[in-house]
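Provided below as structure tokens are two forms of one protein chain, presented individually as structure 1 and structure 2.
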Structure 1
């Protein structure tokens, strides 16, 4: 009888364990099914509004499509014409000049601000919030505000100081500088936050050990701080270059590509001539080429800076 009782007890425990395992399996399957149901609509929307237009753009790049009506296949003619078009070439030169200069300005100023805001000063959190405000505003909003500033306020201030009261946006030699100022003013905020995050990962022990060896000022930054925040420098450099190469809102709100097409970025040229200029197929080819250029530049930056990280 005792033996039978033990056997029944074991069977009961086994049955309970099996029941728990079964319920756990059902719950896990339910979770997997739920995650799948959540993922499917997201993937469908991504394909519908991102991947499908990209595929269509590649297809249209091999046609003479004007944005309406019928079209014919032209093969690689659009891509060949891109390298012969002086307007396209000028837009690439302007965009690269703007991107390189603004990337340097933004990263230098962001790093200086980050170091200042990471130091032991009063109202540190308040100042961080104030410096982040430009990033909250939309690019078009910021552009139209600065458009008014460069067109009306700055010329009047120049007249009061005895200079010519011409708008920077009306001169092809200074218009790109005004665009660079606006791009930098808005982008510094996010880059500063990223650098602050990097600076907060540097252990105090490193600085204490460095101070024992006499590391101060520039030597301390060069040999202690910068190598430890180099991954954050890589992130900022890649993001800045990509974002400034794709500049559009500031061009749209400040100059619309003028004066005399001197500030026509690649993105604005693709939009303007593709949507309203009857060059949808040609500018689709331009967009595909531009996409390849950005990918190549970003991968090159990541590869080169990744090797630098390993050396540091």
Structure 2
């Protein structure tokens, strides 16, 4: 009670002081001064190492800087060239294909796995613990291990079954699938945990009421479970898309962008050509475009799924 009264009081004060000038109000108050003293250096640090390089990146994107030496302003040339450059176009196509397909695979499998791990089973905690293990392992090393698997083990297995024994990684038609498998192998763990915490929020009496009405199987899932865990589906979808669009470690360890540049992700292309390929300015423009794409996709996903959430 006492605390509540005080909060009200403070709100009143701020409201009245707003007209006199909020700066005086901020400085006058001792608490506010401490708050400002904490905020200023931290925000300055954030500006220095996040916003400033972002601005620099945008500035470089209007130049023909190679990463060294002198450079000139080229206006929007880099941006126009981005849309004409086949290599850049391919990297966007590849990255999106990978992100969309892997997001679907991961969400279907992890939702199934979460429902299984959330039902009445034996060794529940042990099983959950083991299924989560891939998530803590580093993407690069996991990639190297799978690289060997795809290069030496899988072709041998295929031969035993009477298929052609070629490595998936050596074929530009299948290399992206191998990368999707490795990305999924690690991400399913994380998404499953999120779905499990979603399923645990579903109250048991919802199911009881549902089963009285004869809801079972797919119908129960479609009309009872899924709407209730929809917020968790939103989180997983946004997280997955964002992570897979930024894929880097797996490319580094599995294909290095090959064969024939068929698996160059956007991040990998920016790193490779921007840092050592003499395309600092051009790849800065690519990075700006990539940034815009990420923001647009995340915001669209969240508003679209937010609307859906309200409907359900």
Partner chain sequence: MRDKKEKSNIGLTVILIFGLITIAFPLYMAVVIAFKQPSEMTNNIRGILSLPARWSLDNFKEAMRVTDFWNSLVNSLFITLATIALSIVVHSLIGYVLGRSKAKSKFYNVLYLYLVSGMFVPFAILMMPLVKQTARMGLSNMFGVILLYTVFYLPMNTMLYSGYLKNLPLALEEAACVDGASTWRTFWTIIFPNMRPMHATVAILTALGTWNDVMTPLVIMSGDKNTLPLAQLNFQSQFGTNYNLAFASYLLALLPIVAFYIICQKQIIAGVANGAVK
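Given the structure is predicted, the values throughout are model-derived calculations rather than measurements. Positions refer to the first chain, counted from 1. Just so we're on the same page, rigid core means the largest C-alpha set that superposes within 1.5 Å between forms.
Peer 1: Structure 1 or 2, which would you say is the form predicted alone?
Peer 2: Structure 1 is the one predicted alone.
Peer 1: Superposing on the rigid core, is the Cα displacement of residue 45 between structure 1 and structure 2 2 Å or more?
Peer 2: Comparing the forms between structure 1 and structure 2, which are aligned on their rigid core, residue 45 does shift its C-alpha by 2 Å or more.
Peer 1: Note yes or no: does the Cα of residue 36 move by 2 Å or more between structure 1 and structure 2 after the core is superposed?
Peer 2: After core superposition, the displacement of the residue 36 C-alpha between structure 1 and structure 2 reaches the 2 Å mark, so yes.
Peer 1: Does superposing the core leave residue 158 with a CA shift of 2 Å or more between structure 1 and structure 2?
Peer 2: Residue 158 C-alpha, core-superposed: shift of 2 Å or more.
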